[in-house]
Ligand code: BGP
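Only one chain comes next, encoded as structure tokens, the form predicted on its own.
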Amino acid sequence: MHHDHLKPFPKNFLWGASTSAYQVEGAWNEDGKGMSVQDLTEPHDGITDFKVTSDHYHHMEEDVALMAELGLKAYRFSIAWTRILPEGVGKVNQKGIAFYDKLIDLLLENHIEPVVTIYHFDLPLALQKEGGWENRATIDAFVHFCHVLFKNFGKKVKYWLTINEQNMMVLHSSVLGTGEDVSEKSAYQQCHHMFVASSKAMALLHEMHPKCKIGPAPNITAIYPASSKPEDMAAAYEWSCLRNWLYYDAYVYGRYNPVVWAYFEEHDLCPTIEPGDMEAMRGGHPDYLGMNYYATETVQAPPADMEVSEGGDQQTTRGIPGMYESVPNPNLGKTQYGWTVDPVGLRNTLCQAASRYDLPILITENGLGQHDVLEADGSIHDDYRIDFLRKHYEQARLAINDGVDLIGFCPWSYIDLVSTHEGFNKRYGFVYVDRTEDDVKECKRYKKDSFDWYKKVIQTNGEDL
């Protein structure tokens, strides 16, 4: 739809930025923190591990000062489960509480809204050894973790997110910390337990702090058919149901998407549902939807003899025999790391989600991973990132004019951090961290050109892009 007169971004729009604990904090074994599944990662193929990352744990005050200089209205971060509960359950680590308490206080002092992700890929190792998310006991452990967080921070934190990219953990379990060589049936059983746990967490927050808001944060994207063939249209719809709507449907409506359930029945993937599970899912109601958006996907009906080789990540898949086959989209460019670039797809995705669920939406991740260069004078010229984000902000504004209740935009990421797949070489931040894959140096911070650009965007509430 064309709009002759554009509405501005809302007055209290949450211009923010995002990170996650295991990718930015470092200090993996300091001050009582326990081991998470991410701490098992070893350097490989020239890529670093998560032991030091951006060393935010020791640069927290400096980082918040830079956030304030940038003018952030919101900062979305996750709380490391094992920094609070080293064994996943049991005794609370007060030094972990103190770290996040100080971070939250500093944010609030600088008029930055904390947006807290409860769980971002870093399951406690002790729980993983007991079966991880396939073990129903993890549901209770997660709810207990939430209770500790809500008790300690619920009076200060207004916005909460339950689980980051649950759909990606299910579809790419071996690289995102839910277990090596997990069968598809096991992955969807874990998924069911996450639904129950998250729903109970939402209900718990509403009980403990009725004025707080909470929602999920899956990775959602529009799926395009490769042609106008009805078979390609069906492939795009079915893959969208399995990749996207399964997760929002479960959170918003407390039920399984019927197309997905039919797929489960066809392939013997139906999870075991215990008495009370569906009641719990129906009892947890999100106040808003988090949405991680990076790239769209284009698919066609698969050939009858299709075979799928291993590979893919959050944004690149191969296909599922009998459902869809992923194909290149000749209308879209790609990033340095092979992800499609589709700003208009953000508008399409926002409009689809808004039409289906009629809830406010917070963009919890969107950004460009690129190899940035630190010049001799300390400058980092990342015009490509500015261009990428500008085009996505333009489409976000159009989505608002389409009727989407978009409450904020938190690009990934505030600062350079360790990318799950490409380490420190793939940089996303507005702030550059001077370190390499194998030399952490002093992790000195430098402002990129995009930092000054985003500062201007925030100051003008998106009028000057």
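Please read these numbers as outputs of a predicted model, since none were measured by experiment. All residue numbers refer to positions in the sequence shown, first residue = 1.
The protein also exists as the form predicted together with 6-O-phosphono-beta-D-galactopyranose; that form is not presented, and the subsequent description refers to it.
Of the heavy atoms in Glu165, some are within 4.5 Å of 6-O-phosphono-beta-D-galactopyranose in the predicted bound form. Put simply, Tyr256 is far from 6-O-phosphono-beta-D-galactopyranose in the predicted bound form: not one heavy atom of it is within 4.5 Å. Although the partner is absent here, His58 sits far enough away that none of its heavy atoms falls within 4.5 Å of 6-O-phosphono-beta-D-galactopyranose in the predicted bound form. Proximity of Thr420 to 6-O-phosphono-beta-D-galactopyranose in the predicted bound form: non-hydrogen atoms within 4.5 Å are present.
For a residue to qualify, one of its non-hydrogen atoms must sit within 4.5 Å of 6-O-phosphono-beta-D-galactopyranose in the predicted bound form; all three of Phe121, Tyr294 and Tyr428 qualify. Proximity to 6-O-phosphono-beta-D-galactopyranose in the predicted bound form, defined as a heavy atom within 4.5 Å, singles out one entry of Gln190, Thr349, Ser173, Asn219, which is Asn219. Scanning Tyr357, Trp339, Tyr237, Trp245 against 6-O-phosphono-beta-D-galactopyranose in the predicted bound form with a 4.5 Å heavy atom cut-off leaves one residue, Trp339.
Annotated contact segment (heavy atom within 4.5 Å of 6-O-phosphono-beta-D-galactopyranose in the predicted bound form): 286-294, selected among 137-145, 227-235, 286-294, 204-212. The single residue of 397-416 lying near 6-O-phosphono-beta-D-galactopyranose in the predicted bound form is Trp412, the criterion being any heavy atom within 4.5 Å.
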